[in-house]
Structures are given as C-alpha cells and as structure tokens.
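In structure tokens, one chain follows: the form predicted alone.
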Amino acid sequence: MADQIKATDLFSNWAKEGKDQRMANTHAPSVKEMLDHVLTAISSPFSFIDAGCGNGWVIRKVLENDLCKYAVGVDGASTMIEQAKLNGPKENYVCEDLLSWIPDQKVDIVHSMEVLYYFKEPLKLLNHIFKNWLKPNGKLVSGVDFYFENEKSHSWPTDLNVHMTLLSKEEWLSIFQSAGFLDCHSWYANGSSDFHGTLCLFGHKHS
C-alpha cells in the first residue's frame, strides 16, 4: 500500500475537483440537527468556531443568526480556505493546523463535522479545544460518520489512503470526558433504514 496522504491534502484536492459543495450538501441535515441542539436555547449573543470548516458553508449559515457576534472557520486544507474566502468575508476564515492554532478570542460554541477521526490522537485536539478555544460554560458539538458501529465506513481509510481513528460511540464519549467535558452525550442524526446516522457528540465546559 502506498504511503498514506495527509487529510488536508485529500480535502484540498477535493476542493479543486469541486467536491466541497457535494460534501456540504450531504452533511447539511446532520449539521442542522447539531446546530439546533446547541443554538435553539440560546437567547443572548454568542461566538462560534467551526473546526475543519471546509468551504465555509457552516460559518455562513451560523452568521445568518442575528445573535452570532463572532464566527471563524479554521481548516488545514489551503484550497478549502481559498474557496471559503471566495464565498464570504475573508476575515472569517483561517488556514491553520487545528492542533496548534489558537483563536484571537475564546468562544461559546465549537462545532466540527467529519474532522475528529482524521487525527491519530483525537484527545490531543479535544484537550486543545477545551483549554484554548472555549470559554467557561462553552459547548462542543461534533459529528462523525466514521465510527465502529457504522460497519460500512470501516473501509474508508483504505479506500481513501488516509489515516482515520476508528472508535466506538462509548470510546468517543470517554475521550470527551477525559478532555474535561461534562454532560457528555451522543445521538444519531439523519439516519436511514441502512445507516445509524451521523454520530453526534456533545460536551459542556462548565464554568
């Protein structure tokens, strides 16, 4: 087997091929459920980071909310960020390594979709988000389609020749807790007769 490619290179290539919008359309129903989960009860201004923002579609969606006072998308795939900047204000997007980037200001909500499992040690990213990205009382919501209970996804690392960390629902919840999050819970979004759905994970950084 050839050496695995970096996930950021994979997604940069997908952006060049125009697959970024197809990804956005596919993920939109699950992301809507996740955003509703964290935003429905909010009645005061909030700030937001999208980790692994791709072409920026989630940031553009969240900015439609009148209570959103600050939103930034960060992604390590340069071509994805180029696409994002073509479609929205440049100041809302940054091309950086998620494991080392520190935002100018901590935020109330962090969201990610199809990101966490590309890291060999997801706990390191979760620790970083908890410590350096989220305000006290902040919330993290994340969606993954590659997980142990979704057997059809198990071939993806070989199919795409990219590293993916395969964990079960309980293992994901355990590392959220290990990072310091409380009220950790999960649910499946946008399921069908032959697919559990996106595994959605939630954690709360108590004040």
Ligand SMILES: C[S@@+](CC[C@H](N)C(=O)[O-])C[C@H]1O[C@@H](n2cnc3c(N)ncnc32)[C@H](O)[C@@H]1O
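None of these values were measured; they are calculated from a predicted model. Throughout, we count residues from 1 along the sequence that is shown.
Below, we turn to the form predicted together with this ligand, even though it does not appear here.
Segments offered: 134 to 142, 37 to 45, 52 to 60, 174 to 182. Contacting this ligand in the predicted complex at heavy atom distances within 4.5 Å is 52 to 60. Taking the partner from elsewhere, D104 is found to have every heavy atom lying beyond 4.5 Å of this ligand in the predicted complex. Contact annotation: E96 falls within 4.5 Å of this ligand in the predicted complex, judged by heavy atom distances. In the predicted complex, H27 approaches this ligand with a heavy atom inside 4.5 Å. Although the partner is absent from this view, V72 stays clear of this ligand in the predicted complex, with no non-hydrogen atom inside 4.5 angstroms. Taking A77, A84, L126, I109 one by one, only a single residue has any non-hydrogen atom within 4.5 Å of this ligand in the predicted complex, and it is A77. Interface residues of 117 to 146, taken as those with a heavy atom within 4.5 Å of this ligand in the predicted complex (partner not displayed): Y118, F119, in sequence order.
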